[in-house]
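Form predicted alone, single chain, as structure tokens, below.
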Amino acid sequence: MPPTAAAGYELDPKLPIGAQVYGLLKRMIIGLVFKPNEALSEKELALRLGVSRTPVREALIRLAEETLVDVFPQRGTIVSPIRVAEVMEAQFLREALEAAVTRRAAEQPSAALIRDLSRLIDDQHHAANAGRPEDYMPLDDAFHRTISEGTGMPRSWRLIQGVKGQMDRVRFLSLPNKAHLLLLTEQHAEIFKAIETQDPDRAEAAMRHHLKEVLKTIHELASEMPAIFA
């Protein structure tokens, strides 16, 4: 199978192709390689990725369920605009779930969880100070995923993944701002300190405060780039 020409990614023929195609297309939508309101051709995507049309079709169905694409009977598949209402709903759902998970994490954190979170915050500091936003978003996700997995609730992160796609596009747009990356890192550090010191009230409050950050930026971004927001 030839390597994909899509944004430098390659598909590994040794791994399930369907999952890779879905993950790749999702990253390209979140990273604005595919712009909001851009038409997506199942045939052209299959050729571009070097795969059959079946995994592309299945990936687009999943992305439609996550509201990252819209499917119209006569027009085909369109990358959805960033809908402010859906971002706010996703934020509400994510905060409700992650605040509870973080509270649980702070009640009795394992040594491995403390070690892993500390390392991730160090990595985030380095990425933010070096001005490497492309490295920061995976580290951000890893921090939140590690809390869920380290608390014995990995499915909670999988549920969050299914609703936060619209949020992620807003997050991506804010990444080039170094001051914003440093602020997010400090908020992560506050969450970490609360977990480390086994303070559930502080941990929950810090996570809720952190996850509301997207609400502070979305309206500003929408006014600056109205063509990609709805």
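Here the structure is a predicted model, which means the values were calculated and not measured. Sequential numbering from 1, following the sequence displayed.
Beyond what is shown, the protein has a form predicted in complex with another copy of the chain; the following relates to that form.
Chemist: Is it true that E86, R104 and G162, all three, sit within 4.5 Å of another copy of the chain in the predicted bound form, judged by heavy atoms?
Modeler: Answer is yes for this spot.
Chemist: Mind telling me which stretch in 122-130, 108-116, 139-147, 93-101 gets its heavy atoms within 4.5 Å of another copy of the chain in the predicted bound form?
Modeler: Among the candidates, contact is made by 93-101.
Chemist: Go through K178, R202, K193, R62 and name the one with a heavy atom inside 4.5 Å of another copy of the chain in the predicted bound form.
Modeler: Going through each option in turn, the one that passes is R62.
Chemist: Under a 4.5 Å heavy atom criterion, is T67 part of the interface with another copy of the chain in the predicted bound form?
Modeler: Within the cut-off, so yes.
Chemist: Even though the partner isn't displayed, in the predicted bound form is E58 close enough to another copy of the chain, meaning a heavy atom within 4.5 Å?
Modeler: Contact with another copy of the chain, yes.
Chemist: Tell me, yes or no, whether R158 is in contact with another copy of the chain in the predicted bound form, where a contact means a heavy atom of each within 4.5 Å.
Modeler: Within the cut-off, so yes.
Chemist: Decide whether V71 counts as a contact residue for another copy of the chain in the predicted bound form under a heavy atom distance cut-off of 4.5 Å.
Modeler: Although another copy of the chain is absent here, V71 would stay clear of it in the predicted bound form, with no heavy atoms inside 4.5 Å.
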